[in-house]
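Presented as structure tokens, the chain that follows is alone, the form predicted on its own.
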Amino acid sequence: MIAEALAAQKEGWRYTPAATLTGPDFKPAGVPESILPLAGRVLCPVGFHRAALVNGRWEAKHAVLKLPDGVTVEPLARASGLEELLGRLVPDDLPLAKIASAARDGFVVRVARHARVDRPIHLVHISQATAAAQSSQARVVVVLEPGASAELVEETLSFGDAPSWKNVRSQVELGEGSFLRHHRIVREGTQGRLTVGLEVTLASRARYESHALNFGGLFAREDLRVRLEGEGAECALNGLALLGGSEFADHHSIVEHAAVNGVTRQLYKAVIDDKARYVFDGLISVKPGAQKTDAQVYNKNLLLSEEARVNTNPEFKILADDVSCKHGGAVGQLSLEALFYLRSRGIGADEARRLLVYAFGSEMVDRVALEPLKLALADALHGRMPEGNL
């Protein structure tokens, strides 16, 4: 079923190695014999509200939720009143999200009108596969009513030597004047695979700030769909991928401006080493009548080896005549002049290389406003710095 679904998406999956998903004989993940503790494994600091899925199932042992009035985080299996949203049709170009729609469990986050979450909400997706290839399906639903605000951190992890695959459908609904800051951190293992279909809808004057941060894993693909439905809606989409070995990451996004005075700022960066591959495909679609749209989409990539590969395609489809739209893509290597400058001041070749790579990637970490998370991400960035001589 997976192979047939992806075969129909020839254009959107042209540069994505679908065999990574269709090759192993994945079986539905079961309940692990023992649940691994999160201490020392998750990136986010203690002190956040927290909930976790293990192999696609809500794990009560990991739930730490002392939420303020008007805020709920609960398993999908116990949620009610979401029939219309849960039954919404999946876009035809998101076949894996269609499969995830049948998931029986997941996260449901709701923030009432004008409520504010006092601390970030940390949602952890965990795979534990030790004996055979396992897959799990999950859904994430986030609803902010008018005037509400929240910070959300999603982190994906996989443990075990066997192949694992998490497939997630996420839906985010932002009411008028609401604000969501949404961090998504990928820290998969050498056999970890992740696919996410994320649909975001913004009402008038709503704001959505996204940070997609990939710190490793065999395969990760995120399909992001953002629709600015209301006047004056804004989104900021930031991304960073640090890839080495034979890792692969793919960020596909479509931002749809459907109302006047919408604003989009999109910047994704990638550092690709060894035989790793990265794909970026970012389309901003400006619909008829969406005048005064102000949109930008940029992708910048740094190649550290001759075998590293990147495919980038930032683009616009504009059907309105009073807009400001800019886009660009760049692929390059480390500056020899900058390396010479650092080495002429007594810095060794390896350290000079790491400094330049860190400077390239740290811009995206610096955009994270949540200070405890920013510090943890900076440490993770240091840990992913390349080794070896030029």
Partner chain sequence: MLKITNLHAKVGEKAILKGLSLTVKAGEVHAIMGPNGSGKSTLSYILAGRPGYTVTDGTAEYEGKDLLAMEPEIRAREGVFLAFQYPVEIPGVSNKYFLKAAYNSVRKHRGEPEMDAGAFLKFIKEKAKSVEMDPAFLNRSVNEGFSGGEKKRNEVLQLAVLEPKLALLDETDSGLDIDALKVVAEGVNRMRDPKRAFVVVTHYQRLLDYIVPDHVHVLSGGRIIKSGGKELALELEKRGYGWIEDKVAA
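Residue numbers count along the first chain shown, from 1. The structure displayed is predicted, hence computed values, not measured ones.
Form predicted in complex with the partner chain: not shown, discussed below.
Trainee: Is it the case in the predicted bound form that Ala295, Glu315 and Ser324 each bring at least one heavy atom within 4.5 Å of the partner chain?
Mentor: Not a single residue of the candidate spot has a heavy atom within 4.5 Å of the partner chain in the predicted bound form.
Trainee: Determine which one of 35-43, 351-359, 58-66, 326-334 lies within 4.5 Å of the partner chain in the predicted bound form, judging by heavy atom distances; exactly one does.
Mentor: Heavy atoms within 4.5 Å of the partner chain in the predicted bound form occur in 351-359.
Trainee: Is Lys27 close enough to the partner chain in the predicted bound form to count, meaning some heavy atom within 4.5 Å?
Mentor: No, no contact at 4.5 Å.
Trainee: Since only the chain is shown here, I'm wondering whether Gly47 would be in contact with the partner chain in the predicted bound form (any heavy atom pair within 4.5 Å).
Mentor: Answer no; every heavy atom of Gly47 is more than 4.5 Å from the partner chain in the predicted bound form.
Trainee: Can you name the residues of 310-349 that have a heavy atom within 4.5 Å of the partner chain in the predicted bound form?
Mentor: Glu337, Ala338, Phe340, Tyr341, Leu342, Arg343, Ser344, Arg345, Gly346, Ile347, Gly348, Ala349 sit within 4.5 Å of the partner.
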